[in-house]
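First, one chain by itself: the form predicted alone, in structure tokens.
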């Protein structure tokens, strides 16, 4: 018997197992095997065979089956929500909301895959006027998905549903904190599609994820910390396996002087405290224009004063799912206060394992870990700024760039700030709204990762572009032949000069020779 970051792990003969634990009670939810290299290889081999069958079904048949899965998840949403609650500690209602978002994404991916990835004609241009040109997207084959524990249904579904809709089979390694949820998802799809294992689950710890990254799958979709992403990238590099990475965030929120302060405060509290702050796109830093700073701070304090963490049905949010994260939260609060910051609500006394009460920190220097590093807990820093431009500069000063938000009644000013924020996604007068829009890409820049899930870009992440030209008539001048003459080349160069050789005078629309 050994102790891991997740809980108990046992050696039964040659098969290692581990328990999924309820973070609020430490009671076992279920026991799972630690999949080794052989088990991962076997799963990938089965997926290879399943991928051939799945891709051969075509767009219509895949759509029918994925929509049947969506229907199954909708009918059994409470059963799955109870399981998510048991493994993560989040309230059942929040688990239902997460699953609902996943359902919406399955629906969009299934219904739009053909439109996005199907064959389409493109213009060939004058030089290749004799060619009919088209582009289409083919399935990669087998996609490996390494999922997180904080949103164990919604987040991995952004890769799983889109990879399946694109015609791939999937091998899914859920977090060691939420293996029961991942297994339930695979079993639910198998009940709808019993023919072949198009979605398989392998369970275990980081080593299992490393085996998957080295297994020769055609792409890895990873969600987790930047530190772990580097390890997965190194493993992928051994086979030149491409990867999409959605890593951490330190999302900033801007509040203008003309903002609806009640709406902004309400959104900030939800963005920072929901799911015990364990949200990669959660609000961790708030920059408020000085004129309304104190009023806004009062509204924040009043709202968080009504929040209570717990495991009961009336609790606003649950425990910290990963015990080790409590130390990070404690360190960040302590560092902020040691640097001259003050706790407007809560403080170090808010940490009552496995729970953390809401914490609002003010006057925190921008060099503090509470500002520069991902906290991933129910805390936020609030700072005054002269205007939105200063807010943008300070929000952009960290190495992360996942999500962000802007609150202002001035549409033009809000959109200008939204475009200036260095992040993959921004919501105006809302928080995290982009995650509920399946047609929008989801992903970050900098330390927050690369690549995109969701939307057309998310479908294309799991497909290979195929360019095809078909000669529809003989060329007037055959340039790709050793029988080409000087006269042939002269003709084409004359045409090219006419089309592309003219200069434009800067600042003027009139052509100049």
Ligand code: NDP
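A quick note: this is a predicted structure, and the numbers were derived from the prediction, not measured. Positions refer to the first chain, counted from 1.
From this point on, the text means the form predicted together with the ligand, which you will not see here.
Although the partner is absent here, residue 381 lies well away from the ligand in the predicted complex, with no heavy atom inside 4.5 Å. Among heavy atoms of residue 246, some come within 4.5 Å of the ligand in the predicted complex. Within 4.5 Å of some heavy atom of the ligand in the predicted complex lies at least one heavy atom of residue 146. Residue contact check for residue 231: one or more of its heavy atoms lie within 4.5 Å of the ligand in the predicted complex.
At a distance of at most 4.5 angstroms from the ligand in the predicted complex, none of the three residues 83, 98 and 274 contributes a non-hydrogen atom. Proximity to the ligand in the predicted complex, defined as a heavy atom within 4.5 Å, holds among 280, 106, 265, 414 only for 280. Among the residues 204, 318, 346, 141, the one placing a heavy atom within 4.5 Å of the ligand in the predicted complex is 204. Only one of 307-315, 248-256, 110-118, 326-334 lies within 4.5 Å of the ligand in the predicted complex by heavy atoms, and it is 248-256. With contact defined as any non-hydrogen atom lying within 4.5 angstroms of the ligand in the predicted complex, the contacting residues in 359-398 are 374, 376, given in sequence order.
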